[in-house]
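As structure tokens, one chain now follows by itself in the form predicted on its own.
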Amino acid sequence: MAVSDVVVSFALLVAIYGVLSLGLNVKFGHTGLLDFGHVGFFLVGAYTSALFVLPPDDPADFTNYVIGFGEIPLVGTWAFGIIVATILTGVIGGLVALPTIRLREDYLAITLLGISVIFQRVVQSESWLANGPDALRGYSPPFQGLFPIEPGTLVGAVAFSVVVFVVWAVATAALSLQRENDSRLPLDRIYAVTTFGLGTRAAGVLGSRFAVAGVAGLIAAVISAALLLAASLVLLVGALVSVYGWLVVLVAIGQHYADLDRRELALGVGFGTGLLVALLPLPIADRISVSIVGTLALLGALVYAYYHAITSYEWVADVKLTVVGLGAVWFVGIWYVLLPILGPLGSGSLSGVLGTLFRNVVWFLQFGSSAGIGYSIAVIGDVTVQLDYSRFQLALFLLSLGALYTVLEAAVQSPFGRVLRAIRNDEAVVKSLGKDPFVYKVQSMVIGSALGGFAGAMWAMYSQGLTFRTGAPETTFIALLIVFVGGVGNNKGVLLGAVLYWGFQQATTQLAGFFPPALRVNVLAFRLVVVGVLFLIVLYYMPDGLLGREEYSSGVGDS
């Protein structure tokens, strides 16, 4: 599996937990309602959406569920199921809030936790409802039957162009933000080209940079569909889109760390390199005991050196988090680019080195599938490429996440959002201004729970199978950790927290591969302990998270 395929899987989970955590952030971050039972709405949303796309129950297949709408036109679709799941969880959230919302914060959290456990136990014990303790399967995610796509067909070209639209629009929106900063690169020219001239000529007509990015993405999608229908130029389109995405990422990283001087850059690179060196005993040492002791010793030395630096030198303390971020970027770059080529490089295979680099640069496409289109490239050799379903699903998830984030940002910056934050800060002030905190709290529960249900539907599509463990309480605490790490009451911080959490999960999964199978399960289980410790560290040293609370207006008089 190419490293790019691992990144795609990582991004899918980030999107799901990003939506789930945004819902919890509405409740706790913006309104101050601590909900330990948020996973209950995630569970209800997942099962509800799945039941809408399942066919009617067949007793012969040993799977029992109360009803299946999959054979009913329009009703038995994922779109309809997701809408119903979102509305239903919002309604349940409101009904649950009515008798509980007046409870004190700690009692409210415990009560909602109990309600979520009830949801989970009902699913587990009532076999007639959704197959009880066994997995609920028998459904497929939307449009999966179209894959592997035929690029020369209209359906294949449309599916391909959907992914192009999402990637191009997101990259163009990000590039438009980078243009505001000084850069040695001709970003204005690049932006003019990638927006097909709209960025300079039609910005005023379209109204905003994001509208320009959307139209540019639509144009790119139409062009890619035409190229696929005319000549099946899958590799060319995939390479162009991939390079554009890499360009925007590298520009963003460069501008983010542009203000660091040489010693700060060197410290960040040294930190990332030190982390890599600390992990070397795992693949190198022959004995597992030596590799574990060696890795822990080197990690301890790295942490001590970092702690000593920030306590001894003021300039290091001023950039302590920036150094860690730069080190992480450096480490990920080495993992993504350098480590995969060590094998072919050691065997002296130039084509293997270039082929590995090419597969990871052209992340837009999946390589090696027997159902793809074959190409012969000089030096690299023969390659087979296709747009696989996981990338198409990622495009759908990112569209959903982007739309929900945009709506939520507008809501929290509106008078309604200002009232929620005022309730969080001082409920008595809200009452003195003639507002009813109870009504706004119920509305907050409805919105946050509906987002939890939407995330559950996304999980049902991603996992293609559900069990009662989908509603395990630990999911709520993962979402809570994501909120605290990124920034309580900060929607951008929530997305950052989701990236960091699943980055940690992905990294530990990779590391567990160096252990014998008998120990691998224990290693993966132990990371829950590590997550708990990190949670406590974040609460103690960074109670407002990495990005802190978003500075929104808190006035409520005009609402």
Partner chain sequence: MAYMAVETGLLNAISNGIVTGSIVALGAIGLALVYDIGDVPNFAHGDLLTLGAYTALLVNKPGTVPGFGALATDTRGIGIGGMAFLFAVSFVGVLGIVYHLGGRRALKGGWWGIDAPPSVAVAVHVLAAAVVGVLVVTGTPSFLAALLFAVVVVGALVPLMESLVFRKFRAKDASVAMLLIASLAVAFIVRFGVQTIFGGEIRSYQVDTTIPFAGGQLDITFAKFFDFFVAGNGFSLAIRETRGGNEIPLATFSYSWIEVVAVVAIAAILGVAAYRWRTDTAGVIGGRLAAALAVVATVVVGGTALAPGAVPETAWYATRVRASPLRIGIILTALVMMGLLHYLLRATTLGKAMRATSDNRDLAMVRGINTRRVMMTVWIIAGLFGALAGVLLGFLFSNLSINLGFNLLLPMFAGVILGGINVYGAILGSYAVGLAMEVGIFAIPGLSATYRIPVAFVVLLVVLLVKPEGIVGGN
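Residue numbers count along the first chain shown, from 1. Just so it is clear, the model here is predicted, and its values are computed rather than measured.
Not pictured, yet referred to below: the form predicted together with the partner chain.
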(request) Name the residue from Gly503, Gly532, Pro56, Gly513 that puts a heavy atom within 4.5 Å of the partner chain in the predicted complex. (result) Gly532
(request) Identify, from the list Gly374, Gly465, Pro186, Pro99, the residue with a heavy atom within 4.5 Å of the partner chain in the predicted complex. (result) Pro99
(request) Name the stretch, out of 251 to 259, 215 to 223, 105 to 113, 390 to 398, where some heavy atom lies within 4.5 Å of the partner chain in the predicted complex. (result) 105 to 113
(request) Classify Arg287 as contacting or not contacting the partner chain in the predicted complex by the rule of any non-hydrogen atom within 4.5 angstroms, answering yes or no. (result) no
(message) How about Ser125 - does it come within 4.5 Å of the partner chain in the predicted complex, if we only consider non-hydrogen atoms?
(response) yes
(message) Even though the partner isn't displayed, in the predicted complex is Glu180 close enough to the partner chain, meaning a heavy atom within 4.5 Å?
(response) no
(message) At 4.5 Å between heavy atoms, is Leu34 in contact with the partner chain in the predicted complex?
(response) yes
(request) Select from 463 to 485 the residues with a non-hydrogen atom within 4.5 Å of the partner chain in the predicted complex and write them out in sequence order. (result) Arg469, Pro473, Glu474, Phe477, Leu480, Phe484
